[in-house]
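Form predicted on its own, single chain, as structure tokens, below.
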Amino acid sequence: MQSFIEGLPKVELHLHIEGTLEPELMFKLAERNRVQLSYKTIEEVRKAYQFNNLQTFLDIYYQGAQVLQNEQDFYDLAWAYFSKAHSQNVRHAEIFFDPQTHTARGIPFETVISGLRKAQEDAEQKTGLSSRLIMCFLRHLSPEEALDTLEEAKPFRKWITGVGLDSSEQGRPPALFQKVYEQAEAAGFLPVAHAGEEGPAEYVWEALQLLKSRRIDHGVRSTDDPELIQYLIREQIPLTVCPLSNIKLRVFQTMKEHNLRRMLQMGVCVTINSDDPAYFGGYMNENFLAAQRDLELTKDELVKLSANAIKASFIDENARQVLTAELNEYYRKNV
């Protein structure tokens, strides 16, 4: 099963590029940019990656982002992710980035996106891995600040496929950001949103109805509302589920308790993703392996998860057909 998963063509739809900052690169960039870290060694950083909830993770996540200061840093960050993803047979990735994490420190929006964009171009040219960028608004900040960020993004519209909503979910309902989402959609950005991770199923409804979200990032609390689950099945709204993240942040206490397989068997369009892999212990292969082992996923179900991700992606129809054909051929040869 491990070799089957390693060879499986994959599409990743829920990946925070700042969350791919491995301790080794963090220390390298800190030294290059003369940033003083509160950790003395790589081992000390890794030991700190024990989280009680989303907020304890975010505290370390934002601290690590301090080392990202110039275009080369963002290029190096993204290139490291693309190299890892390519080694795990990821064919396409739709990547979140958090400009407010950087502009609040005085880093220009253009610096952030130019480094990411160059890495995207190199990855596609050198490895064939295609990608899209999705700009997230930080929900712990004000809706007014999100509107300012949207304005900063507009000159780079051709480089940014969509907008998302991330950071602390509790007490920050999607409804707060309805106005900025309406303006983003009018400007041509495709809407997605984090909802139903630590927040209730009601937040998923708000993301769908008020933000017009095309996908729900996480969404595991949807099973708390039978009417919502039936809606997700009927409309085939994708959920970008992140198994290892959910365990690391105590959304579920163990992988055996995770509702991924149950939702898949019910007909929900669920997908597997890595979220913030440097912090949560694994990229795509590790997430697939952990979910397969503890939930006893079959090969058919693993292929279905990959097919769902292709269907849920924002690629054009020609690219979708190419990826689907590759997945079908892999299935034919290996199942």
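Fair warning: this is a prediction, and the values are worked out from it, not measured in the lab. Numbering starts at 1 and runs along the sequence shown.
Not on display, but discussed next: the form predicted together with a small molecule.
The small molecule in the model of the complex: contacting segment from 42-50, 270-278, 22-30, 304-312, heavy atom within 4.5 Å:
Of the stretches listed, the one contacting the partner is 270-278.
Contact assignment for the small molecule in the model of the complex, among 290, 65, 297, 58, heavy atom within 4.5 Å:
None of the other options qualify; the answer is 58.
Looking in the model of the complex, is the small molecule within 4.5 Å of a heavy atom from each of 11, 92 and 127?
Spot residues vs the small molecule: no contact at all.
Contact test in the model of the complex: residue 197 vs the small molecule, heavy atoms, 4.5 Å:
Looking in the model of the complex, residue contacts with the small molecule include residue 197, since a heavy atom lies within 4.5 Å.
Is residue 284 a contact residue for the small molecule in the model of the complex, using a 4.5 Å heavy atom cut-off?
Because no heavy atom of residue 284 falls inside 4.5 Å of the small molecule in the model of the complex, the answer is no.
Just checking whether residue 88 would be counted as a contact of the small molecule in the model of the complex - the rule being heavy atoms within 4.5 angstroms.
Contact check for residue 88: no, nothing within 4.5 Å of the small molecule in the model of the complex.
Touches the small molecule in the model of the complex: residue 73 (any heavy atom, 4.5 Å):
Residue 73 lies outside the contact set for the small molecule.
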